[in-house]
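First, one chain by itself in structure tokens, the form predicted on its own.
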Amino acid sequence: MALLEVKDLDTGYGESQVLWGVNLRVDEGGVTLLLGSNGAGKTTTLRAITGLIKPWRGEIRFMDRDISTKPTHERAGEGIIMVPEGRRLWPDMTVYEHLEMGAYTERARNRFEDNLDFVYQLFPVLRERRDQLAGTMSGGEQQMLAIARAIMGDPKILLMDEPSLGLAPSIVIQVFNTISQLKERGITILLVEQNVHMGLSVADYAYIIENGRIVLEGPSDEVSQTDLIKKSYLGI
């Protein structure tokens, strides 16, 4: 079942068009990968889904309802939650304060204790450092906190924008292990990544975007064997 569908989406910034007729669907309970190089249109796609930018043409459907004109806060209230690129934490706020901020919608507040228990199981270090300021944490710990803050929003779909960006290889492995755990819990994920190997390893279905257009899609194991992936992304 499609939880999220993007249909014939055109959008951009000012007079500059970035996306051209983008179509994608995210099935409930799985991990869908949007793969592409810098400037391909990945983040713009996420911004359109969350309502940060408006579609010029096309439609965005969530749970089989058109949400194309809904404001961002209403989409978050329905469970469309994003882990932004670069983490976007508040350096002078504590770990616990970030988790509280993540649960700002009514539906998230109603599940605060359950989600907090899950977050602490997923990232025990956050329980230990609940009173630590985010700005004093390592990059890997900050990424854990950014993911945890999003989980506190009680997502029906979790949008993850480059979660491995700028992290040490050992921390990247931890991040993708976390994605696998979230998938096991039944959380639907739309993952934007440049890390081809790791992205395809956790995804069920993959889309490749180039210059604002979807150029390839299919089950991740099939996409990984295509000439486009081998030549353009793996250098084979």
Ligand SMILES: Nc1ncnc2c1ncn2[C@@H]1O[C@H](COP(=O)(O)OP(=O)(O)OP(=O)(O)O)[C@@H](O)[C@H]1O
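Computed from a predicted model, the values in this text were never measured in an experiment. For every residue, the number given is its place in the sequence shown, counted from 1.
The discussion below concerns the form predicted in complex with the ligand, not included here.
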Inset, instruction - Decide if the three candidate residues 5, 79 and 188 all line the ligand in the model of the complex, where lining means a heavy atom within 4.5 Å. - result: no
Legend entry - Heavy atom contact within 4.5 Å of the ligand in the model of the complex, the stretch among 197-205, 23-31, 174-182, 43-51: 43-51
Inset, instruction - Give a yes or no for residue 97: in the model of the complex, does one of its heavy atoms lie within 4.5 Å of a heavy atom belonging to the ligand? - result: no
Inset, instruction - With heavy atoms only and a cut-off of 4.5 Å, decide whether residue 18 touches the ligand in the model of the complex. - result: yes
Legend entry - Contact test in the model of the complex: residue 37 vs the ligand, heavy atoms, 4.5 Å: yes
Inset, instruction - Tell me, yes or no, whether residue 141 is in contact with the ligand in the model of the complex, where a contact means a heavy atom of each within 4.5 Å. - result: no
Inset, instruction - Check each residue of 78-116 against the ligand in the model of the complex and list those with a heavy atom within 4.5 Å, in sequence order. - result: 85
